[in-house]
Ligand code: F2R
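Below sits a lone chain in structure tokens, taken as the form predicted on its own.
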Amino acid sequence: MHIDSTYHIPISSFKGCFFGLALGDALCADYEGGILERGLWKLISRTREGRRRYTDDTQMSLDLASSLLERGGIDQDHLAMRFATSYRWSRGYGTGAAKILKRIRGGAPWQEVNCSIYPQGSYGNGAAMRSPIVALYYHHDPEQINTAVERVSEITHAHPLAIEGAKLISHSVSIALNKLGFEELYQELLLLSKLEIYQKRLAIAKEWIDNKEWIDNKEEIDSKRVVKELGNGIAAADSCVTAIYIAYAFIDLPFMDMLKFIQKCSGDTDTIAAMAGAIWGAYNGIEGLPQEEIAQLESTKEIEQYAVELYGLGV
């Protein structure tokens, strides 16, 4: 990755990334899936203290940050057990991930169960949603991101589509931390991408970002076209480039405008918003996020603490 080594990343960008992820997750969870899914989440969307609840996207990101800091890097066995111990159905884990984590918690080695549901491993976006934390941990050494993402991902999402999607998101966060634009991001991701579906969708995103008349004319992006050509599903290939595109399409616009657009796209709204929120927050910093919404979020002290500790690794 070619970045300006003289640029000093502010701590605000780390806080913005982590809080952007959590806010996107929590504020868009109400819009995920069908009527039954939305109805269930509305019933449990607040904690007993009245705080806004986040989903597995943020929980697994917190687990990853905790394990990285505690072990001084990636300890796959430790991380797998941390994921498994934190599992609660009320966080909205995917069916496949839930089964894997329950088996790990029951004592099964993660290497034996990570492909037990799907022979090639899950190709969902569960690895991508937590991959921004890898970028924060290795912000001082971004050349380590690819290998780190692979090791973090394969515990629950071993499929090449899932791993490549996670790499795209993690590198997008790294680029955003360094305040680089979409052209630099696109060139980086194009070199990184090996799978045709990602290459095609990145090219579409590039074309759309280059054509910014909708911003000048105050026109709305066509959400139906985004869903049709980039996707809005739980598969990594149907959500990672979508999140990257939306983050940069709204990079100079209000955070809540971006979330409203993601809600309009429907589908896997919480995870797309978590990934886009992490990128947007890394670029704009915590000052750009809605402070009143942060105040309503659960575990704010924990999120801030991890962001500060991750930042401290490179100081």
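Just so we're clear, the structure is a prediction, and the values are computed from it rather than from any experiment. Numbering starts at 1 and runs along the sequence shown.
Below, we refer to the form predicted in complex with the named molecule, which is not included among the displayed structures.
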{"property": "Contact flag, residue 205 vs the named molecule in the predicted bound form, heavy atom cut 4.5 Å", "result": "no"}
{"property": "4.5 Å heavy atom contact, residue 159 and the named molecule in the predicted bound form", "result": "yes"}
{"property": "Proximity of residue 32 to the named molecule in the predicted bound form, heavy atoms at 4.5 Å", "result": "yes"}
{"property": "Contact test in the predicted bound form: residue 37 vs the named molecule, heavy atoms, 4.5 Å", "result": "yes"}
{"property": "Option from 54-62, 247-255, 284-292, 40-48 whose residues, in the predicted bound form, bring a heavy atom within 4.5 Å of the named molecule", "result": "54-62"}
{"property": "Answer option from 180, 221, 234, 209, heavy atom within 4.5 Å of the named molecule in the predicted bound form", "result": "234"}
{"property": "Residue (of 125, 172, 131, 242) lying close to the named molecule in the predicted bound form, criterion heavy atoms within 4.5 Å", "result": "125"}
{"property": "Residues within 4.5 Å of the named molecule in the predicted bound form, restricted to 72-99 and counted by heavy atom", "result": "92, 93, 94, 95, 96, 97"}
